[in-house]
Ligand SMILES: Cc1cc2nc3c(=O)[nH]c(=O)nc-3n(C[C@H](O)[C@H](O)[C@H](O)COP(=O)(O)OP(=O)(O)OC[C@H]3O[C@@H](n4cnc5c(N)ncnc54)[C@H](O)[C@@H]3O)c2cc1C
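Encoded as C-alpha cells, the following chain is the form predicted on its own, with no partner shown.
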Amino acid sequence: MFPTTKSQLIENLINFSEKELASYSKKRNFDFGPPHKNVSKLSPYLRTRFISEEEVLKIAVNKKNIKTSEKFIEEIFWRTYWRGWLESHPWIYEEYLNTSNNQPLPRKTGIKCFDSWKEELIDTGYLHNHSRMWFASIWIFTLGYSWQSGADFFKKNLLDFCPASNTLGWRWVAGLQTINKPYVAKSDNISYFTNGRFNPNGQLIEKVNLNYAEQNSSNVFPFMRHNKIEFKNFNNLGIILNKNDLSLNHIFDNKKMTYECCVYSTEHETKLVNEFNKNIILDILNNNKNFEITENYNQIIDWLVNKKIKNLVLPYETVGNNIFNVKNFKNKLKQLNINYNFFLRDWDRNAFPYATKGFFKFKKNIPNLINLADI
C-alpha cells in the first residue's frame, strides 16, 4: 500500500485523482479494508513532507474541479490545523507526555473489529481514519484503557505518526478536545461504514457520561509568524533534511541556489516503521547523488566542518518534533560560527495563525490559503 519511491507515489496519486477523487466525499468514511483504494493513503508522506501539501494539491486538484474536491482539500488541511493548534497549546503535549503510562496492549478481546484493526495496524502501519476513531473509542470506553496508552500504541506503530494529529485525535475521542463531547463508537455505524464486514452488536459500551471540568483556555499562545529568511546573503549554504521535512531542498532548487545537503536518519523502535522511513530516505539519496546521510550529531558536526558550512537551514520544529532545537546542538553551531535558521514554510506560516480555535472556524480560511499557495 505504501511505495517508498517518489515516482511510484506520484503515479499512485495521479491514479487516485483520476479514479477515486470524484467519489472521495461519498466514500471516504467507508473502511472496506486493505488496500483502502477509496482514500489517498498520503498521510505517511505528508507527515515527513516526502511530498508537500502544495505538490499533492497541484497534482490532484485543478481550478476546474477545486469545488468538487473540497472535502479532499479539507482533509489535507486537517493535519495542518492540528499542528497549528498544538503550537498555540504546547502544554497539552507536555501533559500527555507526563501522564503517558504505557499500559500493556490487550490481546484477543473477542471484539472482532477491534482485534482485526489492531492486527492491521501492527502488520501495515496504517488504519483508515474512521477505524482509528472507532478503535480509540473502544479502547477508552469499552475496554477501559487510558487514552494516553492508546496514543502510545499508535505512536509506536503508525507510519504517519504525528504528535499533534495523534495526541489531539485521541483527546477528541476521549471528550477532552471538545470538552465532554466524546466520540462513541456504535455497532450500527461500524456495520454500515465497514460495508457489513463487522457488526459488534451488544459488545460495545455505547452510552458515555463525562464530567470533565472546563479547561482554561486563557493561556492560548497566538502563533507569531517568524521573519522570512533573506536568501540573498546565503553563502556556504547547508540544508539538513529530517523527518520533519524531507523536501525542504526543493524550495532552494526553485530559487536556483547552490547548497550542500545531508539527510538525518533516526531509528524507530518498530521494524516496519523503521524500514519504511529508511527506504524513503534511500530514494532521496538515489535521486540526489551529492546528498549525504548522517545518523547522529557528531556526524552532522563533521559534515558541517568538512563542507565549510557557514549558513545552515533546518526544518521548522513544531511541538513534539524537536530534533535540533536543543541547547547543546545550537551551542555547538555557535561555537563553529554557523548561522542557523529553522525554516518555516509559507504553507504553515499562513495557516497556523488561524488554528487557535475549532476547525470549522479554521476552514473558513481555506480558500484564501489555497490562493496564497498558488493552487
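Quick caveat, the model's predicted, so the values are computed rather than measured. From 1 onward, residues are counted along the sequence shown.
What comes next is about the form predicted in complex with the ligand, which does not appear here.
The closest non-hydrogen atom of K118 lies beyond 4.5 Å of the ligand in the predicted complex. Though the partner is left out of this view, E75 does reach within 4.5 Å of the ligand in the predicted complex, counting heavy atoms only.
In the predicted complex, the ligand lies within 4.5 Å of some heavy atom of N129.
Contact annotation: F276 falls outside 4.5 Å of the ligand in the predicted complex, judged by heavy atom distances. For the options L312, A60, L42, V319, the one in contact with the ligand in the predicted complex, meaning a heavy atom within 4.5 Å, is L42. When you look in the predicted complex, the only residue of Q148, S88, S165, N249 with a non-hydrogen atom within 4.5 Å of the ligand is S165. Exactly one of the stretches 223-231, 260-268, 196-204, 151-159 approaches the ligand in the predicted complex with heavy atoms within 4.5 Å, and it is 151-159. The putative spot formed by Y24, M133 and G169 is fully lined by the ligand in the predicted complex; each residue has a non-hydrogen atom within 4.5 angstroms of it.
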